[in-house]
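What follows is one chain in structure tokens, specifically the form predicted alone.
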């Protein structure tokens, strides 16, 4: 039973009778919840069209409204208010409790969606800059799935670019891989700690030593051509990195269908380059193959003061580079080839990229290019969801005290330490699993409560609080419900509670829970439309808060009337299930105890 849909249908019937256009129907949650649950503001727009007062229009709509589920009233100058009847709320909650999905609707038009997030770079340590992509991407993927879309998730590792050539060049200079080139010598053991030292060293050298950079570029090309022993060393480095990346992502509750990388698209590069060439879309630029994707008024060259200076433009839309002058693949090429590969494998309706917003220009270039070449059909949606940075309390990028970029692994330890301290205050010690669960919820809820495009402040103390709009507060509410149902000896009777239509909405606190539940279910679709979990976080917090008021004001376990007590317990079970459902989409767990 979807109360909002029933009200909307009643409005359609009334509009049809009044000969008003369905396009003018508006139905929103009331901005005065003490007076109404829903409101319709259509009378104002219609009144202008028919040249009469909003009051006349509103009353004509009300006169023809079916009022089975709601009491309808007029408020000056032209508002139509709906107060849902208690029996309708009771029916809606009982139907939800008996339904596996809690009567959460699915999308009317379902799609196949490829979600690209995570995007860690092989041979590089994960750091705070890698935090938001898996957090936002995982929850967005789960949101699409619960609403009925078929979702394929791909972490799309950065494993094919210059960083690989740089790392191998440094390892060779430092004697780690001598055995690959000279059988009389032995290789040194390569660990993730080794890579964490070698890559930064190589990265610094590329800016200071031209010969070293050229060697690294040569090695990158050899890797891409699968020349030995560079190919074997590359595979060893990739395996070491991916193992640690997987462990970090799993600690964050992030899981992928595909662990592909740029390397997986490499076999399609020649095919896509030929497609551009055959359609006459390419030109040569200083030995490289490029595609101009700028539109009229974009990409205006700035006159060079020195012929050797790189070309600069007045507008940030340079061409797509398909091949470097040495024939090596570049970032543009592999992303375009990846779109081609995904269309060959899955033919999705949409591809969504959850990436740092500073990459917006790159993806805009690639999206334009694949449309030009016919690699992506005009109907296919290619979407870039750019996210902001994680900042410290000073408003600057979150770093260590020494000013270094903080590692993702350290972030996980920080949030777990914060949770551990809170648990100790409640007498719970030596429970590392619970500390990680709470820490992850704290960090995720703190992030997802914000719009993805906005920067946000990483405040461990605030995020870890068991009070206020936080992940641990949601978890604590769930744990409290678990405890309550356990004490009532109902944890093994959930099916019994779910099937008997026991919920009877009979007071204001229960009404608020019921309306908050309707808002929570609606928030899934708001989050979907906005590609932001913020609305779901807010609705979940309001829903949990409505239970807390009910819990504090109601004697649930000591209620003597059995019918009323069973109604309370059934309502508590519904609240627990709804909290778990929403938390699952936000990709954190509700513990049994806290």
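Residue numbers count along the first chain shown, from 1. If you're wondering where the values come from, they're calculated on a predicted model, not measured in any experiment.
One more form of this protein exists, namely the form predicted together with ligand ARG; it is left out here, but the text below deals with it.
- Every member of the trio 116, 158 and 331 reaches ligand ARG in the model of the complex with some non-hydrogen atom inside 4.5 Å.
- Contact annotation for residue 248: none of its heavy atoms lies within 4.5 Å of ligand ARG in the model of the complex.
- None of the heavy atoms of residue 96 is located within 4.5 Å of ligand ARG in the model of the complex.
- Mapping the unseen interface onto this chain, residue 198 falls outside it, with no heavy atom inside 4.5 Å of ligand ARG in the model of the complex.
- Residue contact with ligand ARG in the model of the complex: residue 256 places no heavy atom within 4.5 Å of it.
- Out of the listed residues 519, 365, 130, 422, 130 is the one that sits within 4.5 Å of ligand ARG in the model of the complex by at least one heavy atom.
- Scanning 264, 501, 359, 391 against ligand ARG in the model of the complex with a 4.5 Å heavy atom cut-off leaves one residue, 359.
- The candidate stretches are 302 to 310, 481 to 489, 349 to 357, 501 to 509, and the one lying within 4.5 Å of ligand ARG in the model of the complex by heavy atoms is 349 to 357.
- Interface residues of 8 to 39, taken as those with a heavy atom within 4.5 Å of ligand ARG in the model of the complex (partner not displayed), are absent.
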